[in-house]
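Next comes just one chain, in structure tokens: the form predicted on its own.
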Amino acid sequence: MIIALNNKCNLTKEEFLQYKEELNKIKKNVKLILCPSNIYIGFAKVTNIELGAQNVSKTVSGAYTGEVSAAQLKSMGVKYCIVGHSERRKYQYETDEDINKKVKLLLKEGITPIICIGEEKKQRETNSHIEVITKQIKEDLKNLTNEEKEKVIIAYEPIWSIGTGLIPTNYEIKEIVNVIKYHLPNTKVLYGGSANENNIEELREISVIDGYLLGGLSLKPEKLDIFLEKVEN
């Protein structure tokens, strides 16, 4: 079971240091991946928690002010990196072509990409969600070998569920996860989108899920501890 913690653009330095202390108290057998803001990566290592990043540049290196390359992340001990999150697709106008470039650069450096895919509410309502998901899979992983595809992690996050408290039915989630695994049978698939300590028992019934990508809950160690307890039991 894989649990990735996406802190997004949250926590001051002092708050993050306190947050780290709370995470150190969590002792669970699941694989935990912490993805803090880039400025905290240098001192974000926590015992028994893997280090991840929230984004990477689509360029190798050079005169790209404000960017962070895959090689730089690797040099800081980063093992995983989120790419294609819906917030970056929406606010930074990232395309599937951009995401594909990032995935290839990460794999070249031995970093596991956590590729976020998902549909908007309108796409779900017009029954085009499977077509949308399939297109994202094909374009985000374009020209990757089967071996490379097995190294990535896919995070299914229905865009209309992120941070809204709205949760797809277990049937709806299972449908999409099965579509993903049809195209990528040996790839781990996480679910994200308002997963929390109150609904994890129901989500656990979806046996095809390999883990979760947590946003808001990742910032609340006391609730995260309850979530993980329920995941394991």
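All values derive from a computational prediction rather than experimental measurement. One rule holds for the numbers: they count along the sequence shown, beginning at 1.
The protein also exists as the form predicted together with a small molecule; that form is not presented, and the subsequent description refers to it.
Could you tell me which one of I162, L144, A71, V152 places a heavy atom within 4.5 Å of the small molecule in the predicted bound form? The residue in contact is I162.
S194: touches the small molecule in the predicted bound form, heavy atom cutoff 4.5 angstroms: Contact with the small molecule, yes.
May I ask you to check whether E87 falls inside a 4.5 Å heavy atom distance of the small molecule in the predicted bound form? Result yes; E87 sits at the interface with the small molecule in the predicted bound form.
Since only the chain is shown here, I'm wondering whether L214 would be in contact with the small molecule in the predicted bound form (any heavy atom pair within 4.5 Å). Yes, L214 is a contact residue.
Check K230 for me: does it contact the small molecule in the predicted bound form (non-hydrogen atoms, 4.5 angstroms)? So K230 does not count as contacting the small molecule.
Can you check 61-69, 202-210, 31-39, 186-194 and let me know which stretch has heavy atoms within 4.5 Å of the small molecule in the predicted bound form? That would be 186-194.
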